[in-house]
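Next up: a single chain in structure tokens, the form predicted alone.
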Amino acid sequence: MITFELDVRRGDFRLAASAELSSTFTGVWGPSGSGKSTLLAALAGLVPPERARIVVDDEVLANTDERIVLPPHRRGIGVVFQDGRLFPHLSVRGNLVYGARAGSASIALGFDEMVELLALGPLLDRKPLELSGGERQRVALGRALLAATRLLLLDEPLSALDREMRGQILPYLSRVRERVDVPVLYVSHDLSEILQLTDQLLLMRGGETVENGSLLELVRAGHVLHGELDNVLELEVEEQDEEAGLSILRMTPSTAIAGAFVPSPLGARLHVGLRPEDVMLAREHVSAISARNQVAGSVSGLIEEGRRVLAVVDCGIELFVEVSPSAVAELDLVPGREVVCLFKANALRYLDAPLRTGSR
């Protein structure tokens, strides 16, 4: 559990943020300039607050009303910045050992376990200038993990990387999510990136925390709009048909769908994006149509947004589907209505490199 109330001024910018977060992994999302990075810096003790109260799992890190403000090195917080900020004169091993010392005796992961988790063994004797951007971020993540006794803060760790390299790092972040037993706050302006790791969001705008909760809760409350929204699915490669240019992907235990061929081994897990506007709805299965995928479900909700309506369809997992008000009337879309979601194979967008085989 993380509870905070913060009032921070940096020049003309003011951060007035408060929240109570119970999720292990929370995405901090909002437009540029909304205060996401300032929030993480304030939690880590890197910027002085005018007023602060920070409690992590009943440990008080700051309470200015009681004149308690722990310095950064005593907060047990690991931080990863956009640029990694490794010590250039130290080897990878030296950078990691520095993190372990900062974490004192109680650490989120042991050194050897962390090296195995992030596949850092071959890099231990290299210097940061000998590493690729993705390798540097993995080392920065490892150092932060070894320092994190109470909290891990990730401040847009992928923003400086190209799309291919982001795809290589995301599987490691998924491993961290599964294996590390400290709460994590993950900052990004890219909602799809966050949704590959969690659907628990803390929304920020204009230096304030707007709301926190699941993606569906924020959409229903009107805080996440159509243009910002994407369906992000985690699918397992079940069959490959390179000649036909198709990969068969397991969506739920009872449903498989077809996507454009991706050269991944059977059993690999992939994050796939599907835009709400790329999905059509029908009342029943349709014959003689080019869309390869027809997935049955039922309407669990309708969210009006100007001249658009988002239908929330439960297909074993929930899909957001854009429909027009006239389509709502013509299809008689109401909660509980059985429908079929139709979309083409090439509507699926592969967002990252394959995750490791096997279930989470």
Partner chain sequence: MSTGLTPEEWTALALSARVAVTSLAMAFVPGVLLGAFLARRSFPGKVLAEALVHAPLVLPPVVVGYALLLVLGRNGFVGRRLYEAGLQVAFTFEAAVLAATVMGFPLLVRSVRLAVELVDQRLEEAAATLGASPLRVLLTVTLPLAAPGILTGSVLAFARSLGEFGATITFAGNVAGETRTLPLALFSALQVPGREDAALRLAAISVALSLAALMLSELFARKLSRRLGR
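Numbering follows the first chain given and starts at 1. Everything quoted here is computed from the prediction, not taken from an experiment.
Omitted from view is the form predicted together with its partner chain, to which the following refers.
Heavy atom within 4.5 Å of its partner chain in the predicted complex - the one residue of 86, 272, 158, 195 that qualifies | When its partner chain is considered in the predicted complex, the option within 4.5 Å is 86.
With its partner chain left out of view, which of 177, 250, 127, 223 would have a heavy atom within 4.5 Å of it in the predicted complex?
-> Flagged contact: 127.
Looking at 206 to 214, 256 to 264, 70 to 78, 179 to 187, which one sits within 4.5 Å of its partner chain in the predicted complex if you count heavy atoms only?
-> Going through the listed ranges, the match is 70 to 78.
Considering only heavy atoms, tell me if residue 279 and its partner chain come within 4.5 Å of each other in the predicted complex.
-> Answer no; every heavy atom of residue 279 is more than 4.5 Å from its partner chain in the predicted complex.
is_contact(residue 111, its partner chain) in the predicted complex, heavy atom dist at most 4.5 Å | Answer no; every heavy atom of residue 111 is more than 4.5 Å from its partner chain in the predicted complex.
Does the 4.5 Å heavy atom contact test between residue 296 and its partner chain in the predicted complex come out positive?
-> Flag for residue 296 set to no.
Is residue 154 close to its partner chain in the predicted complex, meaning a heavy atom pair under 4.5 Å apart or at it?
-> No, no contact at 4.5 Å.
When you measure heavy atoms, are 46, 143 and 147 every one within 4.5 angstroms of its partner chain in the predicted complex?
-> Per the other structure, all of 46, 143 and 147 touch its partner chain.
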